[in-house]
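A lone chain, given as C-alpha cells: the form predicted alone.
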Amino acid sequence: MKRKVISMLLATTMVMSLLAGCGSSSTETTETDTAEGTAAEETVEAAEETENAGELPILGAGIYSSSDNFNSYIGKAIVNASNGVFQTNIDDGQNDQSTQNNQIDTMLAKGASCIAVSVVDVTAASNIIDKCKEAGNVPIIFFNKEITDQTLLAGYDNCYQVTSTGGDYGAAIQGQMIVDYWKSHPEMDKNGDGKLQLIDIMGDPGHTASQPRADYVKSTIEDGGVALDLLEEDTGMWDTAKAKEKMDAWVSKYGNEIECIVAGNDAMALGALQSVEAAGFNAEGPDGEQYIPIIGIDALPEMLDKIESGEVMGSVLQDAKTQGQTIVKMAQNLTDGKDVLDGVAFELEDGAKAIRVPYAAITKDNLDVAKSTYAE
C-alpha cells in the first residue's frame, strides 16, 4: 500500500513538472524540474524511512503488575531504550499468570524477535521458555523477579535474566544504613533500653525478594551490633494503601515507642509515612519533636522527594534505567546474532546466566545519584 502511495506521488510530481514546463522558458523549466525532482526524491526518502521504521523488530515485553511502582519504571526504561531499535510496548500482567501467558502468546504470534518479561509466577518460567522454543527458539530475558533455578536457564541457550544483586536483594545495604543512623543518632533509642524497636513491612510473600529482604535487614542490624526488638512484621504486598492500613493499626498501638520502620519497597514505605504523618509524626523531619526514621528500597522519584524534605530517612536504589537499557541491549544482541554481552557494561554472574545491576544506598546527601537514573 505504501509503495502505491509513493508511485502516485511520483506520478503527480511528473504531471506537475510537465504543466510547469508549458508555461515557462527553457531555463525556468530546467530550474523547476530540478527543484521538483529533488522534492520528489525527498518525498520518496521520507516515505521509505516511514516504511523502514515499521520494519523494526518486535520486542515483546511485559511486567507482572503495574501496581508495583518499580515494575512500571523498569517498563518505561525498556520502552525508552527501545526507541529506534525495537517496536515495543509494555503489557501489564495484572498479577495474573494466565493473563500474562495470553499476552506472551500474542507477542510470539505477532513475530516478536525477543521476549522480555517480569513473570507473575516464577514457577511459570519453564512454560514460558517452552513457548519461546516452540515459536522458533525466540530469545527470552527474564527481569526483576529472579528465576532461582539456574538449571532452567542453562537448559535454553537463548535464555538470560537481568535483576538487581541477588541474595539479600538490597536489604543488607538497608540494614547497614539503619545501623549507621542508630550509631550516629543516639536519640533514636527513645526509651534508652539499648534496643531498636523496629517495625518491618514485608512485600508479597510470592515474590522471590520478599522474605530475603525481611531476613537480611534484621540479620544485618544485629550483625552490626544493634540489639533488635521486633514490634511487628507483616506483609504490605508491595502496595502503598495496604501498608498504610497495616501501619494505621501499629501506630495506634505503639505510637512513639516505634523507633524505626523498614519496608521492603518504597511504595510501602510511603504508605507508612502517610500513616505516621496522620498521627503527628515526621512532618517536620528529623528535627521535629516526633520523628520515626523510615527506610525503603527502590529510590523511586516520589520517594526521593520525601528524602529531600527529611520526612523519610533514606532508600536503596534499584536502578530501573540501567536495567532497562541492559535488557534492550541484550535483546538487540540476541536478535542480531551477536554475543549477548556485546556493548553491555556488565558480566554474567559466575555460574549463572544473569546480569546483576548493583544497589546503592541513597540519603539526602547523594540524591543526585538516584535522580540521574530517572533523567530522560
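All figures in this text were calculated on a predicted structure; none of them were measured in a lab. Position 1 is the first residue in the sequence shown; the rest follow in order.
Keep in mind the form predicted in complex with beta-D-glucopyranose is missing from the figure; the text below concerns it.
Taken together, the three residues Y64, K145 and R213 all lie with some non-hydrogen atom within 4.5 angstroms of beta-D-glucopyranose in the predicted complex.
Not displayed here, beta-D-glucopyranose is kept clear of S315 by more than 4.5 Å at the level of heavy atoms in the predicted complex. In the predicted complex, beta-D-glucopyranose sits beyond 4.5 Å of every heavy atom of T240.
Interface membership of N71, defined by any non-hydrogen atom within 4.5 Å of beta-D-glucopyranose in the predicted complex, is confirmed. Residue contact with beta-D-glucopyranose in the predicted complex: Q161 places no heavy atom within 4.5 Å of it. Look at 182 to 190, 109 to 117, 285 to 293, 137 to 145: in the predicted complex, residues with non-hydrogen atoms within 4.5 angstroms of beta-D-glucopyranose sit in 137 to 145. Contacts with beta-D-glucopyranose in the predicted complex, taken as any heavy atom within 4.5 Å, map within 265 to 281 to N265 alone.
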